[in-house]
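Single chain ahead, written as structure tokens, the form predicted on its own.
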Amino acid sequence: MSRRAAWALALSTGACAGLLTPARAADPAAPAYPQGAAPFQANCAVCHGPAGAGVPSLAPPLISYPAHYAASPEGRRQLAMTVLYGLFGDIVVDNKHYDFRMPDFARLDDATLAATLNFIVFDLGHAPASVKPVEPGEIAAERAHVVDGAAVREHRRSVVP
């Protein structure tokens, strides 16, 4: 039997199934927080890009600062405030200026916002395992303290790395 025929027989009988399955299980593209991937793509990717790398002259990247923010209480507040109330005005990210006007996403529920932030922090930003996931209760706590996008930018100054 030729090598090609043997390969075809092995595939048709499932003899190679064990060889193909581990590759799928180790797929690095599978997000750790898949429940946040769809809301990110629907609400954030338009400006920040599908991988969160930012869009020059439009929106800053999300692949470093959010993971840093999630490691501190004030940074976590910043994340919640930003998605709830938006952010506008000049900011600097990776030595580049953005005079950005991010809309608020307060219309989304706390669980969706927390899942989206976890997708950003862990799947896009690759935060270390020592960082705990954002909880819906953290979003709810910030929802109780309504501010505007300018106040969000001002708070950001205290948490910028």
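Note that residue numbering follows the sequence shown and begins at 1. Because the structure is predicted, anything quoted here is derived from the model rather than measured.
Just so you know, the form predicted together with a small molecule exists too; it's not on screen, but the next bit is about it.
- This chain appears without its partner; in the predicted complex, the one residue of Val46, Ala53, Ala38, Ala30 with a heavy atom within 4.5 Å of the small molecule is Val46.
- Using a 4.5 angstroms limit between non-hydrogen atoms, Val93 touches the small molecule in the predicted complex.
- Among residues of the shown chain, Arg101 is one whose heavy atoms approach the small molecule to within 4.5 Å in the predicted complex.
- Taking non-hydrogen atoms only, Pro60 approaches the small molecule to within 4.5 angstroms in the predicted complex.
- With a 4.5 Å cutoff on heavy atoms, Ile120 counts as touching the small molecule in the predicted complex.
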